[in-house]
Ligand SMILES: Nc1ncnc2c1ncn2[C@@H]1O[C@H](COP(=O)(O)OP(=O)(O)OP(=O)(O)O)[C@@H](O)[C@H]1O
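Let's start with one chain on its own, the form predicted on its own, as structure tokens.
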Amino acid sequence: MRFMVARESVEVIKTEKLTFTYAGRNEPSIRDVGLSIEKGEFVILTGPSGCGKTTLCRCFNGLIPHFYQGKLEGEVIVAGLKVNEHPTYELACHVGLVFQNPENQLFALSVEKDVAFGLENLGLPREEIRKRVDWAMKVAGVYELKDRAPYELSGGQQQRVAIASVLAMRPEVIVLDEPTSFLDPLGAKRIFEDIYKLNQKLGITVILVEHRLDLAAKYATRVIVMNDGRVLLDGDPREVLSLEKTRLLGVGIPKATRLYQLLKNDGIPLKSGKVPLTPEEAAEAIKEAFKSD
């Protein structure tokens, strides 16, 4: 079963029959992936480990096929550009990738220099670089840290610097590959809030690879579930995450959603009219159910 989100918007990423096999491997890591992602969406990409999430994200910004070697079949179009026909530095102006471990992305002696690195490589005028770097650091909440060395910062601060370095490129899409895996729940919550603000205030399309759906699900407009290199489910978060099939795949569905499922299976359906994604929504639904009784 597959759900599709109906929207009238501008398509920023499109894949058709996308298949990729890494060099030296016999089996493809992603198979026949067909997706259409539109401007302004907040998409969560999830699924069990090894299902192809990271490989798919590498296709969005040109790391595949320009950096990772292998056999690419099908088509990937980003912001109107065919990925295999344009260099990575050009695609980076449209799609920014935030790595799982920010230490793999930060290497300069100061936050400011790290944020400016991509712009300097594009050869932009000094005044434009200064303007963009200051703006990105302020938006990401790291302006006060601009003279600090990245290795002196906490994990959450490093992740914000990585986000700032991507924002400075002014991309249309930000892809975040499990950006909170090294953070505690409070740090993860703050990062998700920051990403959501960027999505809402700047209209940036967000593709978030994430397992912590307890914290992230409420921000999503869409959830895509992958398994064995294929897209199995794609649609509204409340519909996709309430399916038994999703849970059986090993996706860490929100506890509030799981509670809803258990109550429903025991003949105690909540009457709120929507599947809860957060503890607050579940508490309100339970309160209304008892009030009705």
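All values derive from a computational prediction rather than experimental measurement. Counting begins at 1, following the sequence as shown.
Keep in mind the form predicted together with the named molecule is missing from the figure; the text below concerns it.
Scanning 211, 148, 218, 94 against the named molecule in the predicted bound form with a 4.5 Å heavy atom cut-off leaves one residue, 211. Checked against the named molecule in the predicted bound form, the candidates 246, 29, 257, 61 yield a single residue with a heavy atom inside 4.5 Å, and that residue is 29.
Considering the named molecule in the predicted bound form, the lone stretch of 41-49, 231-239, 249-257, 262-270 in range is 41-49 [heavy atom distance within 4.5 Å]. With a 4.5 Å cutoff on heavy atoms, residue 36 does not count as touching the named molecule in the predicted bound form; it lies far away. At the 4.5 Å threshold, heavy atoms of residue 25 reach the named molecule in the predicted bound form. In the predicted bound form, residue 172 stays away from the named molecule, with no heavy atom inside 4.5 Å. Although the partner is absent here, residue 194 lies well away from the named molecule in the predicted bound form, with no heavy atom inside 4.5 Å.
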